[in-house]
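Take a look at this one chain, the form predicted on its own, written out in structure tokens.
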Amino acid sequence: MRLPPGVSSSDFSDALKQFAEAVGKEWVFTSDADVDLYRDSYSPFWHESEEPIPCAAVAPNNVEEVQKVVRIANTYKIPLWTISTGKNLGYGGAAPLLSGSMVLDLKRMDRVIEVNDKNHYALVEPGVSYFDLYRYIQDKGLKVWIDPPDPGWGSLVGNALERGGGYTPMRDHFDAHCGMEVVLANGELVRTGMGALPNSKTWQQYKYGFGPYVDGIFSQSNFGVVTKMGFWLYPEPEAFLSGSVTVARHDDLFPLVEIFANLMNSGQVQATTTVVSPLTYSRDPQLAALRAKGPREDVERYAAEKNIPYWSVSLPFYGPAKVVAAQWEYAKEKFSAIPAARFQDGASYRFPLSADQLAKIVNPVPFGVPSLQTFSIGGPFSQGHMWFSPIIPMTGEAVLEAQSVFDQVHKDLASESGAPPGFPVWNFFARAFVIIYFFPIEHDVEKNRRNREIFKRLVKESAEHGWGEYRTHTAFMSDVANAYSFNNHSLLRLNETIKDALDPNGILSAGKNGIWPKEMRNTKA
């Protein structure tokens, strides 16, 4: 049996007995077969000794059991790695960052406590998946939508705490949360916002409560264990309408993004979409040769002959039918300022959708329906992948700058892995773009080592361009945290101060997002 770092065999044995008394013997997992289920399915350390592997796992059923578990862990200084459902694929999955940690698995805490379709909110535990909440809403005939990310099997709480994104107007998942319940490292229970008021009637309706707003310190951190979380839901809209805008010239990107940003920031478009260059996805060999050699005018001329746009953006609209139609007309009026801009009407729906309508939709996620369709990616990603996801300005200049950087990454990766060219830029979050770039994982030690070095290099290059990742795989958390280095890493030092105050024994998720217990900082960071 594996041991936690710095914990003796006898102490760990005593702790396991106490964990079993706290949660039930059947919910403490120590066998290799059980513990292997908590390894990262997409590990960039396949077949290497550096792969982090937990020592055991414990799965409490309620907040009282969570309190008991953290108190026992504090007594024996056993590091815990908290997961909600462990579906964070591409970012580390269920595996800890510190090998030998004990996984604190909250999957059994799967209760939907409340859904209100008059004030449009939900209160859930961390084991509730998007599928779970969707089925709950459907079974009760409630007129609210959830906002799933691409894979719907994950936890609402876990995804929001990692600041994940979706597609509807509620797409910023942490921003859509309202109120949380947290177990601190010493076992004390805290409720934030209006939840600190006994018998509060507005815990999920007003975020801030009174005094400092502390919810943010529990996001992407290791300062506590979130055991309940509220979410604002989206009232079922009357209609959906989409349209696409395409432009023919390279430099049309600048007004295209400027107009798009204005529509986003003024609230005319309030959902996730992408800005892409269809040229990068064309399989036309002559076009590929022209793009490689130039000049740009020849590329534009050939693409126009083949009716291939240089840039494209799709626009989703949700709301009353008359309003979304007017928004699309307004958008076309604005984009018409770009010479030769072209418009194409897209999908149009009235809600609720029938079962037949829903069955015909390839990707139902933008309509509040969780799915696993994203796993049909296949190809070079069939063995797994990591995500590189920097935030860049919402400008055409930034898109081109990022394209230049990532074209070089593609060249470095493609010779070995066949990574796809091009990338979309997404607007999961207001007023900025995020790039989601795929790094392939393979069962090949040398390729994975090489790709990890490229990933680390890209973290540094992005920082030099003024871009930072909004989340990352556990393997690169310290690298990304170190890139946020203003004033001699003053933000990291602040986070470490909070860590030392709330978790002096450093038992919670050691190293998460670069925040290590004080006794490990010189050796792990």
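We number the residues from 1 along the sequence you see. None of these values were measured; they are calculated from a predicted model.
Unshown form predicted in complex with a further copy of the same chain; subsequent notes refer to it.
Not one of Tyr349, Ile361 and Ile454 places a heavy atom within 4.5 Å of a further copy of the same chain in the predicted bound form. With a 4.5 Å cutoff on heavy atoms, Ser404 does not count as touching a further copy of the same chain in the predicted bound form; it lies far away. Mapping the unseen interface onto this chain, Tyr213 counts among the residues with a heavy atom inside 4.5 Å of a further copy of the same chain in the predicted bound form. Although the partner is absent here, Gly141 sits far enough away that none of its heavy atoms falls within 4.5 Å of a further copy of the same chain in the predicted bound form. Although the partner is absent here, Asn495 sits close enough that one of its heavy atoms falls within 4.5 Å of a further copy of the same chain in the predicted bound form. The listed set Tyr234, Trp387, Trp426, Phe423 contains one residue whose heavy atoms approach a further copy of the same chain in the predicted bound form to within 4.5 Å, identified as Tyr234. Distance criterion of 4.5 Å from any heavy atom to a further copy of the same chain in the predicted bound form singles out Gly267 from the list Gly294, Pro339, Pro285, Gly267.
Look at 133 to 141, 366 to 374, 218 to 226, 299 to 307: in the predicted bound form, residues with non-hydrogen atoms within 4.5 angstroms of a further copy of the same chain sit in 218 to 226. Interface residues of 434 to 469, taken as those with a heavy atom within 4.5 Å of a further copy of the same chain in the predicted bound form (partner not displayed): Ala463, His465, Gly466, Trp467, Gly468, Glu469, in sequence order.
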